[in-house]
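Have a look below at one chain only, the form predicted on its own, in structure tokens format.
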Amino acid sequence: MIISILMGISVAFFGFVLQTSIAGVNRKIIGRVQKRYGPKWYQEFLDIFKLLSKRSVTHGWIFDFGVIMALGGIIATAMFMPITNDLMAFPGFDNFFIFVYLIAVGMLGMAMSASGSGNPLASIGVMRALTTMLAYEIPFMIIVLTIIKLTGHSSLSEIAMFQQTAVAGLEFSGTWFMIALPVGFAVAFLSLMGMLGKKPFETYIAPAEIASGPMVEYGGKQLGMLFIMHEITVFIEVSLFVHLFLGGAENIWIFLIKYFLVYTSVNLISNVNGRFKIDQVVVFFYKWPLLFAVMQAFVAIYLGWVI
């Protein structure tokens, strides 16, 4: 058990280093696309370490405890994430619903802390974040439940293995769900953009509108901890997408390539979009993505039409 816990902490640390590095590389890529030089790829690390070295202002124990709860919840969630088919800290505990439950702890801590700051702009950001989450989670869950129904597994590693290995009697086994469920893949990709807070769904942060949303009152060590939380959260969400729709990874190099391509694609699309208003976000997800998610589930489960 001690070895598993240490390995789980190593997975969370790996996720932080990986995502922070790739985020820095993406800042450089976006800079070049926009005909700028862009910051150094390790600038994200410098920003976080600089914040952790500074003093911070407190707004009470709820404000402080919420930050610790948020970071702890996200680290605990990342500990269960499989990297490859064989590289995981807790074999058999990579159930999709474990991630759904645990990641909510981190989000609840963030919401509790931001609301405890007493700043109305932070409360507005929290309300927008929860509203956005309610919008993209429903179509995403419909697609994931469809995958669970088709594979008979809710384990991420089992779902990944299903996409890698052909099974007698199942024509779509051995095929990535990106290909087998193309409409569902498109819905999940839009939902992923909402999860990552990318344009046009970055309404809850809304730079220059509500002073960066829930994080308006944070600075110093607390802001540095939330940046670490954010990087690990992105690692969890992108990794989920890789395992569910891109067949997971047989080795670490394949995982890194798939991870980089998914995150970079989201960033490139984000940087050519404007930003929706909060009501537009909800209407959008409850209109086309939800409709297409239900259609994909019906066609795949009841009609058996899977590519």
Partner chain sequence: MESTKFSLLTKEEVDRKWWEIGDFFRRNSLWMLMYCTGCCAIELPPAMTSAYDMERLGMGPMATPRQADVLLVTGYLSLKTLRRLIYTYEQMSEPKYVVGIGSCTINGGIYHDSHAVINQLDQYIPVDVYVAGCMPNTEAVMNGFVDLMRLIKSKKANGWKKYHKNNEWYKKNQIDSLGEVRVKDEFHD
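Numbering follows the first chain given and starts at 1. What you see is a predicted model; the values in this text were computed from it and never measured.
Keep in mind the form predicted in complex with its partner chain is missing from the figure; the text below concerns it.
Participant: Could you tell me which one of 187, 215, 81, 160 places a heavy atom within 4.5 Å of its partner chain in the predicted bound form?
Facilitator: None of the other options qualify; the answer is 215.
Participant: Name the single residue among 34, 251, 271, 265 that comes within 4.5 Å of its partner chain in the predicted bound form, judging by heavy atoms.
Facilitator: So the residue touching its partner chain in the predicted bound form, by this definition, is 34.
Participant: Counting only non-hydrogen atoms, choose the one of 233-241, 218-226, 174-182, 191-199 that falls within 4.5 Å of its partner chain in the predicted bound form.
Facilitator: Contact-bearing stretch, as computed: 218-226.
Participant: Within a 4.5 Å heavy atom cut-off, is residue 29 in contact with its partner chain in the predicted bound form?
Facilitator: Outside the cut-off, so no.
Participant: Look up in the predicted bound form whether residue 275 has a non-hydrogen atom within 4.5 angstroms of its partner chain, and give yes or no.
Facilitator: So residue 275 does not count as contacting its partner chain.
Participant: Though only this chain appears here, would residue 256 touch its partner chain in the predicted bound form if you measure heavy atom gaps against 4.5 Å?
Facilitator: Result no; residue 256 lies far from its partner chain in the predicted bound form.
Participant: Would residue 261 sit within 4.5 Å of its partner chain in the predicted bound form, counting heavy atoms only?
Facilitator: No, no contact at 4.5 Å.
Participant: Who in 80-105 is close to its partner chain in the predicted bound form, meaning a heavy atom within 4.5 Å?
Facilitator: Sequence-ordered list is empty.
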